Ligand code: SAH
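The data below hold one chain only, encoded as structure tokens and taken in the form predicted alone.
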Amino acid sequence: MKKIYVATFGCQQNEADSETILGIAGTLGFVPVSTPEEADLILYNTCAVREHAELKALSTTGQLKHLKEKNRALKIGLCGCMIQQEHRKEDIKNKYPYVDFVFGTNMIPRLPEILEKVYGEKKRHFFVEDFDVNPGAIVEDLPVRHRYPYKAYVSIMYGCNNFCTYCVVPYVRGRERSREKDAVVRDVEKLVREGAREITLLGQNVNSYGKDLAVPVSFASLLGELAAIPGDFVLRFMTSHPKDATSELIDTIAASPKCERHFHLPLQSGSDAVLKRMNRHYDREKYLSLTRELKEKVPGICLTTDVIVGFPGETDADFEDTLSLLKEVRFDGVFSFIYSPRKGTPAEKYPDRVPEEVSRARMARLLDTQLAIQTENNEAFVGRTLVALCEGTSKNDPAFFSARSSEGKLIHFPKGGGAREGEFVRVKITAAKAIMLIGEEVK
């Protein structure tokens, strides 16, 4: 039996893809190992959303050269979003001769065929196809090796049709393709039977799920049907696009206790002018209206978002609009990034680039503003008892467990109260920090 090591860069969709890769490899006799040094086959599943992610993947790949020199039988492969870009594929061809093969994001179901060629032919292979030639058929019932027995990702769709001007995703994952509703329901029912307590539905824009099916289905109706499945579990989902978030979806969340009280709604900018240049298809007021409706219909819901700082042409006034929106909505978490040009996207050619020092100064102000808001938000939880899924020993202190509440809050609490990994636990919050809550287990 050969040993395989898979490392994942990027988003939850990449994590889900890696679990499928490991599942397929398992049917071919490969056993997963925890370090590349142990492996007969190394696969890196790469990301292209920001330059930093690409450079990290390339740097880590460069560190494999010495392993190849020690073991000529070792096979090294790269897959994922970065590989789908022609210039990165050429980089691998010319600068990383010890990489044996690459394959694109639409070719995971063909992994057995790919590995047969890799092991059967003494040459390098580049399995990357244009989405116009091969959009990527949805293949059901592929084997999956989930990382955790108590929580799982379920992809409900692939690709994106939005073409935000800064984003490379439509080019590296193709157009939107939804899975049939019955197939998703079967997956979730199976996971619940097997003991999953948290299931996260994935898509580049889950709110547009089902529009492309022969018989269209709304994401809200899918979510409602999944929430009606018997069992002790909760549902999360990501990512939502504000332009497609509906009152029907919000009503479904409000009516379904199994839907977590956490909603990730990417903002990107609080300025109408910047949102227009980003091609986001909503304005500031539309976004604020959505957040107001969420808070009115789902009391206690926690909102998180994404923000890009320093988008081409962003003025001081535009940035102030973003800060003021953060203060008005009072997010429970903000994933913020300095704009990173992506080759082949419209924004790459936009003039009026924001100087790096200006972007960094704005980022520092945004982080300070959000840190204060998060701290105040979390302090409001002190004295409350939350139900959370225990996720095992804390990475920061082996004497503590980490858990995640319905509101998406990270909670640390001392061991010794009977809680076990993978089970729901009630925790009384005794203290709060900006990025976590601290509590004690209660019966």
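Please read these numbers as outputs of a predicted model, since none were measured by experiment. Numbering starts at 1 and runs along the sequence shown.
Keep in mind that the form predicted in complex with the ligand is not shown, yet the notes after this line are about it.
Screening Phe101, Tyr150, Tyr98, Phe337 for any heavy atom within 4.5 Å of the ligand in the model of the complex leaves a single hit, Phe337. Between the ligand and the residues Ser155, Gln85, Gln204, Ser221, the one pair within 4.5 Å by heavy atoms in the model of the complex involves Gln204. In plain terms, the part of the chain that comes close to the ligand in the model of the complex, with a heavy atom within 4.5 Å, is 265 to 273 out of 265 to 273, 117 to 125, 191 to 199, 295 to 303. Remark: Tyr166 counts among the residues lining the ligand in the model of the complex, judged by a heavy atom distance of 4.5 Å or less. Though the partner is left out of this view, Arg362 does not reach within 4.5 Å of the ligand in the model of the complex, counting heavy atoms only. When contacts are judged by a 4.5 Å heavy atom cut-off, Thr239 counts as touching the ligand in the model of the complex. In the model of the complex, the ligand sits beyond 4.5 Å of every heavy atom of Val329. The three marked residues, Val49, Ile308 and Arg342, each reach the ligand in the model of the complex, with a heavy atom inside 4.5 Å. Along 275 to 304, a non-hydrogen atom within 4.5 Å of the ligand in the model of the complex is carried only by Arg280.
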